[in-house]
Every structure is written in structure tokens, then in C-alpha cells.
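Presented as C-alpha cells, the chain that follows is alone, the form predicted on its own.
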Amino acid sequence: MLLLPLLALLSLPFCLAASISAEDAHQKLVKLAAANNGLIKLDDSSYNLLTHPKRTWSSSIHFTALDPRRRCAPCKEFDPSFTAVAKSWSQVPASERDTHFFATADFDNAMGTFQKLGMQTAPVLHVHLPAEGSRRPASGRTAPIVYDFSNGFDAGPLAEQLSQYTPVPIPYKAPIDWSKYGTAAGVTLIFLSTVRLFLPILRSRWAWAIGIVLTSLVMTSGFMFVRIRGMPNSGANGQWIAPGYQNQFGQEVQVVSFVYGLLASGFLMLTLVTPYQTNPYRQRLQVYLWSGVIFVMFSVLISLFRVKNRSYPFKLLL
């Protein structure tokens, strides 16, 4: 026998909403929106006003659960975006602004509505189209449109999607990201400071000469050959010399460039440094030293050719 009184109690809000004319409901909604920067805070009663069966307005209703006890992280992430879009809608002229409303229904303030709709997750966004008037859809649809969160929780895509159901596009503009400009300015200052610090090095012809020589040594040692073909750093069982002239391991590049570098250094020392030694004994010692380095390193280079191709006929020391 208690079932009938319970059903009557649950249906009371709907009866009250139906008893209020669409014009009176619209005026109350306009006041509620103006009191909170264009965003209506819903409870069970105001939800029934917003979804009046003879409404001539549309609405976007955000169902959420912001209480910390609910532990709804997506709700906290999406709420600022929805609030920003609703605030931007308040800038539209009243003739269009008052034909679409933005509202938020929190679980703790509208439990009856959540139970009536059978909602078990949040956030959820419903778009209710007009049931009467010129903006009523031709299909006569009265069921709410559920927003698809596949575009994420950002305010920009939200405003773009909801503009399909508003009388005029939502004039949302993303706020200026000052952190982005601050980061760019900081990076620019660091770059300019670094350039100023290393400017003498960049102007030095010796710095450029050393860079060009090192690059030439690496490239002539087969670096690009190894990178383009995707060759491994070494072979099986620690083998670092690939047989044949059409194969090369990464470690070969390091060894060959080191050998070429010592050979080039030996020739440079003999031609640029040794002739200017004023001490005959020191000059003679450098001639012997760098000539020996060239002889040994050239022997090592030839031996590498012999390892890669056993039929190579020449050798020096090794």
C-alpha cells in the first residue's frame, strides 16, 4: 500500500513543472542564468523547469560530481572548460542568449534527477532541443543529445560542437597562454646569452677548421654508410671488422676515423710545428716522432684493408 504514495511523491516535481507555464519557466531561467555568469546551478526542481515539456529554448546540461568524496577526477578536469564556454555564451546579445541555457547538475544537489535518468557515471553532457517554436527540430525529437567526449575535455572543441545547437555560434576564445610566451622569452634570452658567450669561438677560423676536419674524418670513415644501411655496432662474438668492402660495423668507423686523425695530425705537426722549432735537438726529435707515428698508423690502416680483403697484397709493419 506504500507504493502509491511513494510514486505520487516522486511525480510531484513533474506535476509542479507541468503546472508552470513555459513563459514563467523561461523568466525564472533567465534570472538564474544572469545571477551566475550565464551558468545555472540545477537542483531537481530547476532541472524540471529547464526541461519543460513546452519549452521554446534549448539547453546544455552538465551532469557532474565535484564533491571530493566522489573522487571524480574527470569531473574536475571538465568543469573549468564547461564553465568557460558558458561564460562566453553570456556575452551574446540577450535576444539569442536567452534562447539557450547552460546548466550544471551536481550529484549531491540533484540526486533525484540522477536516479530518474539512471546515471551511474560522470561527467555527462546532455543537449536538449526546443520542444516548441521555430527552432524545434523537424524530426520532432525531444530526447536529449548526449555529447561525445572523444574530442577530449578542452573548451575549444566543446564550444565548436555545442554551436551546432545554439541559435548563433558560441563566441569562445581561448585565454592567452602567458606561460607559453614566458617560456619562449626565456629560451630566447638564454640563446642570446649563449651566442654572446660563444661568439669569439664562432668567429674563430680555427674552430671552424677543427669542426670541418672532424666532420670530414667521420664521414670518410664510413659513418653515413653505416647509418643508411643500419649496420650493427659489432658482429657476432665481438667481431668489429666486417669482411668485404660492402660491409662495415659501427666500431670500424671509430677505429678508422681515429687512424685517419692520427695520420692527419702527424702531417700537420711535421708541416706546421716542427719547421719552426729553434732548438735543433727538439726539432730532430719531433721529426723522428711524427714520422714514426705516420709510419705505424699507415701500417695499421693497411692491415685493416688486409683483414677486410684477404687478397690485398700490400703491408708494412703488420
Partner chain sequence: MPLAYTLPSNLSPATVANTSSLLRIVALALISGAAIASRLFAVVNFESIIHEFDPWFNYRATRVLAEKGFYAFWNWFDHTAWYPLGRVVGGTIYPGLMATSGVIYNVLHALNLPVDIRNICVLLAPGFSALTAWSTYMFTKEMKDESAGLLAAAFIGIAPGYISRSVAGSYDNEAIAIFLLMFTFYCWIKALKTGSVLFGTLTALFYFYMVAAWGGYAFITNMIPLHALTLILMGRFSSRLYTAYSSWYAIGTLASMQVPFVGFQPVRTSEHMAALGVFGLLQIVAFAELVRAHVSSRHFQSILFGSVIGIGVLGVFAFAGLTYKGWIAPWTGRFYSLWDTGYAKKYIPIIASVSEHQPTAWPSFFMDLQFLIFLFPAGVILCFRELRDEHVFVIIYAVVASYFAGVMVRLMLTLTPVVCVAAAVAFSSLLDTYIDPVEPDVLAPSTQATEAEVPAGDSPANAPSGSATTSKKAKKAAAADASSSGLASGVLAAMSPSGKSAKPRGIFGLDTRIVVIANALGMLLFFVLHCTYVTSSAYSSPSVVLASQNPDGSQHIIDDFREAYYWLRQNTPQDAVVMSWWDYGYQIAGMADRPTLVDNNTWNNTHIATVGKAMSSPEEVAYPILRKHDVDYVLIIFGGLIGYSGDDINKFLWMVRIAQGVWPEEIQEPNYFTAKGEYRVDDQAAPAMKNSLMYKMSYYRFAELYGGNSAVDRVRGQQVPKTGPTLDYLDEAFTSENWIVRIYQVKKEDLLGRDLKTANSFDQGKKRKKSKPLARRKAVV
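In this text, the rigid core denotes the largest set of C-alpha atoms whose superposition between the two forms falls within 1.5 Å. Just so you know, these numbers come straight off a predicted model, no measurement behind them. Numbering follows the first chain given and starts at 1.
Form predicted together with its partner chain: not shown, discussed below.
Partner proximity in the predicted bound form, defined as non-hydrogen atoms within 4.5 angstroms of its partner chain, places exactly one of 25-33, 46-54, 275-283, 63-71 at the interface: 275-283. Residue-level contacts in the predicted bound form: of Ala174, Ala94, Ile212, Leu199, one residue has a heavy atom within 4.5 Å of its partner chain, and it is Ile212. Heavy atoms of Leu39 never reach within 4.5 Å of its partner chain in the predicted bound form, leaving it off the interface. In the predicted bound form, Met224 approaches its partner chain with a heavy atom inside 4.5 Å. At a distance threshold of 4.5 angstroms between non-hydrogen atoms, Leu318 is out of contact with its partner chain in the predicted bound form. Mapping the unseen interface onto this chain, Ser179 falls outside it, with no heavy atom inside 4.5 Å of its partner chain in the predicted bound form. Annotation for 111-132: interface residues with its partner chain in the predicted bound form are Gln120, Leu129 [heavy atom within 4.5 Å]. Put the two forms on the same core and the Cα of Arg203 is off by 2 Å or more between the shown form and the other one.
The Cα position of Val30 differs by less than 2 Å between the shown form and the other one after fitting on the rigid core.
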